[in-house]
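Here we start with a single chain on its own, the form predicted on its own, put down as structure tokens.
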């Protein structure tokens, strides 16, 4: 199609938003990024920085319900729910547990693999284009287990990976020590996934991608998006705290803040936020060789430019509650269990802490597809723990939808229509063939 003068408003300047902006620019669209905060300062800032195409295992798995009470009772555990938030999150939790049926997780894993398997080459291409190639590593990802019984609990997840073409290398205790001598000798088994990659600076990566968007002629508006102005099924403008911005199409990539925008467009998506925590140990005595998951502790340690990032834990408490910094402090204890060479913490000045909002839906699949009330708005949110990994292909799919092209993969599993019966086109044309408009900032 002729994309001359067609302007797309991208709501959200995190990793999904900036990747989408770049993919749209590759197809000749003009782009306006809209976010009240500087680019990359949301969940994109605080994630583990991993590009794991192998992350096909849904968060809800068969038998998980038996583990939840133990996690909730353990102050060091990977899951916490604020009691005051329980009535709000309960419908989401019910959907989450129902999504963990054996027949469903196979389909979810298949869909995730289609979305994630090309993430390393795609993000590498975008990073090279933006002068950020030095921030990308393709060195693999390691999962470490203390006991064979611990590995057995995850066996169904590894089977899902195998069924979806993920190749792994099993390391026994001796091979694990040879691979990474810094890991505790309490670990007796490792699973190495060589296809994975990571970034050594998530915010730095988003910043350089954003700068490329601007260098390509894109605009950035620092404003909060309130809604959308439509005329019939035609999008007229994005309504912001700084006024209306005239566009020919829009993308909702606002992460955990996307729910109300979807509601304004007629879509009631069961989106909630998993509050994630991390710490960065500024000058660590030791680091893992590559990003390493302590499979029992459910956290990841990633060596980065700014230090050793230790990230994990899930807390349900909504968007408004203040952080529970105990959830962050405990990560240092976890890190020392993984890496005994780390010095005991002397004070909190030894590391920095962070809390952010992961946008999560119960079935672990992001929401990608057209809005109910207008085909001119495309959703691209709900990636949960997989924002970095899922961003490049999500951006590709969104740009294909807006250009009226056949999508690279089947996006039916990600369609917003899956949450309720309605008439909804999940894939393919129509393309945008609207009169050109200038941006209003």
Ligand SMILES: Cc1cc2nc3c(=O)[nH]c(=O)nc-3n(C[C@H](O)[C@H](O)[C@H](O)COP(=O)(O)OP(=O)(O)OC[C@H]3O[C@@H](n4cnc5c(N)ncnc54)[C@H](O)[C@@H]3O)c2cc1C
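Note that the coordinates shown come from a computational prediction; the quantities given were computed from them, not determined experimentally. Positions refer to the first chain, counted from 1.
Absent from the display: the form predicted in complex with this ligand. The rest refers to it.
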item	value
Full three-residue contact with this ligand in the predicted complex, heavy atom 4.5 Å, for 13, 49 and 224	yes
Residue (of 235, 135, 261, 192) lying close to this ligand in the predicted complex, criterion heavy atoms within 4.5 Å	261
Position in contact with this ligand when the complex is considered in the predicted complex, options 34, 398, 377, 56, heavy atoms within 4.5 Å	34
Location of this ligand contact in the predicted complex, chosen stretch of 211-219, 271-279, 176-184, 85-93 [non-hydrogen atom, 4.5 Å]	271-279
Heavy atom of residue 301 within 4.5 Å of this ligand in the predicted complex	no
This ligand contact in the predicted complex: residue 369, any heavy atom under 4.5 Å	no
Partner contact for residue 354 in the predicted complex: this ligand, 4.5 angstroms, heavy atom	yes
is_contact(residue 30, this ligand) in the predicted complex, heavy atom dist at most 4.5 Å	no
Contact set, 246-267 vs this ligand in the predicted complex - heavy atom within 4.5 angstroms	253, 254, 255, 257, 261
